[in-house]
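This document opens with one chain alone, in structure tokens, the form predicted on its own.
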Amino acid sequence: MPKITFTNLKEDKKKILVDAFLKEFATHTFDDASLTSVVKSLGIAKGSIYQYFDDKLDLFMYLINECTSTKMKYFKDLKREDCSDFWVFFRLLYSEGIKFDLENPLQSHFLHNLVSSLNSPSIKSLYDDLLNQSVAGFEKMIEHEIKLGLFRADLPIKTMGFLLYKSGVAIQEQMQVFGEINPKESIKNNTPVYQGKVDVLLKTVDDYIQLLKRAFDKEL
């Protein structure tokens, strides 16, 4: 967590620092990200960063918390009970995620690169912890659908949860591999990850939903 010296900074200076480090971690893995290059570009002493955060990991965790907190605000009004089935809810999560991306491009780029960044050897335990938390969230959703009698109950929930998590990662990777998005270029241009590609993203989500429905839905 940031030190009091950071929280006491004026908002404009705080934003300059945060944006600079968001961009660094959005374009590099954790191990490759350089605090030195960032402070050099900002024209400040490297030691000043340690007046604000304990270390590189402390700074990184702060950025994760800030970005996820911002993104979660877009989901606060979404309720599963307001949707006719889970897949309508699943698609709405992406619709709100698009709004987050368009309105917070730098934070979106940071989260887009998070899985790659977390694969750094030095923070393997952190990757494992966050992965388990993410999968656990999907497991709870699946348990709820099973209780409603809408999802099949003959497979391990942990397997279904992991598949649902990986499907989200795969949607992102597919669009990047096929050149439908180019995060390296969009972050250079200070534009959202999915700018001009919203329809492509939602079509890809719909395609995955068709596959997942066959795997998850209980046969009636």
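Remember, predicted model here, so these are calculated numbers, not experimental data. The first residue of the sequence shown is number 1, and the count goes up from there.
Only in words, not in the display: the form predicted in complex with a further copy of the same chain, which the text now covers.
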Mind telling me which stretch in 34 to 42, 167 to 175, 186 to 194, 52 to 60 gets its heavy atoms within 4.5 Å of a further copy of the same chain in the predicted complex?
167 to 175
With the partner left out here, if you bring back a further copy of the same chain in the predicted complex, are Pro121, Leu155 and Asp207 all within 4.5 Å of it by some heavy atom?
yes
If you check in the predicted complex, is Leu78 within 4.5 Å of a further copy of the same chain, heavy atoms only?
no
Is it the case that Asn65, even though its partner is missing from this view, gets within 4.5 Å of a further copy of the same chain in the predicted complex, heavy atoms only?
no
Using the partner position in the predicted complex, report whether Tyr127 sits within 4.5 Å of a further copy of the same chain, counting heavy atoms only.
yes
Within 4.5 Å, heavy atoms only: does Lys10 come near a further copy of the same chain in the predicted complex?
no
